[in-house]
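Here we start with a single chain on its own, the form predicted alone, put down as structure tokens.
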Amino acid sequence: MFKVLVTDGISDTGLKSLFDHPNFIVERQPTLKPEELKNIIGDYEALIVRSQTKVTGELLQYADRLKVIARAGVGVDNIDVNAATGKGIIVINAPGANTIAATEHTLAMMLSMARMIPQAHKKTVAGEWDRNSFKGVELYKKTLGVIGMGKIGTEVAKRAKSFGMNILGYDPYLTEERAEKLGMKKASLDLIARESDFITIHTPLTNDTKGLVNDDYLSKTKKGVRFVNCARGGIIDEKALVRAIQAGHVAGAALDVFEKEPVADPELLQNPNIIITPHLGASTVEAQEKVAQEVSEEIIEILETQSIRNAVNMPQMSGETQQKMQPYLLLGEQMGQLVVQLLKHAPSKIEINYYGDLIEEDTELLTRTMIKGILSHHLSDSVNLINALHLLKEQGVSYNVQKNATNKGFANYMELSITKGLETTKIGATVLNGYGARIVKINEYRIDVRPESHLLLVKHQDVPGMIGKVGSLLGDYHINIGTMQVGRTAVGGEAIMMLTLDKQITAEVIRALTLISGLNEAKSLELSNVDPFYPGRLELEKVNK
């Protein structure tokens, strides 16, 4: 018998498969205090929560029998995934169950904004019959820009077409063929800004999308445009949006998510042209039933058949394999993060080559870490080691893995290349015995760089004084250089410089660097030094310390 504890308000209908199963005992205790939960958590094999219960590392110290933590929803911000992984506990969620709810809420917000329904309701129930102040606009024949063509963005586009809207879609992985099948036009962000009457956001919050809709982007938009955001707070710069509305350039906005929640900014709450809801995108009876049903069924599969579909982490590896593969898993993740930042577009093809001793190892998990590193740049934390290959196929990206006994000058060597059209970017890396991970090749250039959080790649002409000029400028901006490596293919030709820095550099510094004579390009690169999803992370941290 497996015991399951449910600590938050979760649909009984959604939990039916667990209630009806002869091998499961379900106990509901939705009002437990943290200390009370600590006292009983050791009796259960599975825990189901929503957002109220905080599953901390301290709590998990008492969870000796726990095998599965299920979040009846999408995000896992209230769960210490690292601590769960360290104890071999699988963390699952229900990533697709709220698609329809979020889609319909987006359309409801768009219609409410177009016809000023909340404002008209408020005035009418206050006793004022005012038919003149609420002249709205129709959706028919208007242009809708959809930023982010994942599941929700796609469903929004399909439904908006039934209103007779013209659809422009942007997504790094959207192809012309898929756009054509959906009856829409693939567009750039700038084209969406210029031509859209309505713009709706459906992307994850990443480094690239944070503040995506800012003063600069708003200045490019069509006068009278209206924005909807039911995705993630922080994608729209709220202060910039308010300024654009107050200036009369943006006609209105409908927001369900915010940079800080609960939202308290009076400029948002009191603006008559902004409609606000308290993060209700997934709040339907059906969606809550679906998320509970999904996690219930997966708990049964995990505990009875060891089948895993929606885990956000991975089970522990064997001790021997873990010891061998730990440094490669971390390096593979960083290679994926690095190579995708060097390509100007999302890739359509991935090539992975293993050389030397690595051909004797099971590299499937290593391949997944590289792919996860690549996809996470655009898809954020929706990517994990289990769903990486599925998401790759869903995005229409092909991949190929080859093994070769040739050592390429190293006992072990990994090469990762990604391609879009005629553009290809390649990273070569190795783990040196006694010295650790090294990036040893970028495209055709040989280098020797230890992966660190903040990197700067400079392309320049191989002329005297260039290293001094770059170092001097960074010093002027109080940016400390850890290491510097230079690579070139021919004397006097183009060369690269890779620097490790103590902090991330700003766009202002990048602009200043590009003004140096003979310097062709400067690019800031960010890496995660620790991947929270791969097995053995906690043990590796101890070694590094």
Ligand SMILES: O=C(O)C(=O)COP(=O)(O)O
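Remember, predicted model here, so these are calculated numbers, not experimental data. Sequential numbering from 1, following the sequence displayed.
Keep in mind that the form predicted in complex with the ligand is missing from the display, and what follows is about it.
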Should the pocket be classed as open or blocked once the ligand, positioned as in the model of the complex, is overlaid via C-alpha superposition of the site (3 or more ligand atoms within 2.4 Å of backbone or C-beta atoms defines blocked)? open
Only one of 399 to 407, 240 to 248, 70 to 78, 429 to 437 has residues with a heavy atom within 4.5 Å of the ligand in the model of the complex, and that stretch is 70 to 78
4.5 angstroms heavy atom contact with the ligand in the model of the complex for residue 51: yes
Contact label in the model of the complex: residue 313 to the ligand, heavy atom within 4.5 Å: no
Using 4.5 Å between non-hydrogen atoms, is residue 282 touching the ligand in the model of the complex? yes
Indicate whether the ligand has at least one heavy atom within 4.5 Å of a heavy atom of residue 98 in the model of the complex. yes
Though the ligand is not shown, can you say which of 378, 232, 186, 324 has a heavy atom within 4.5 Å of it in the model of the complex? 232
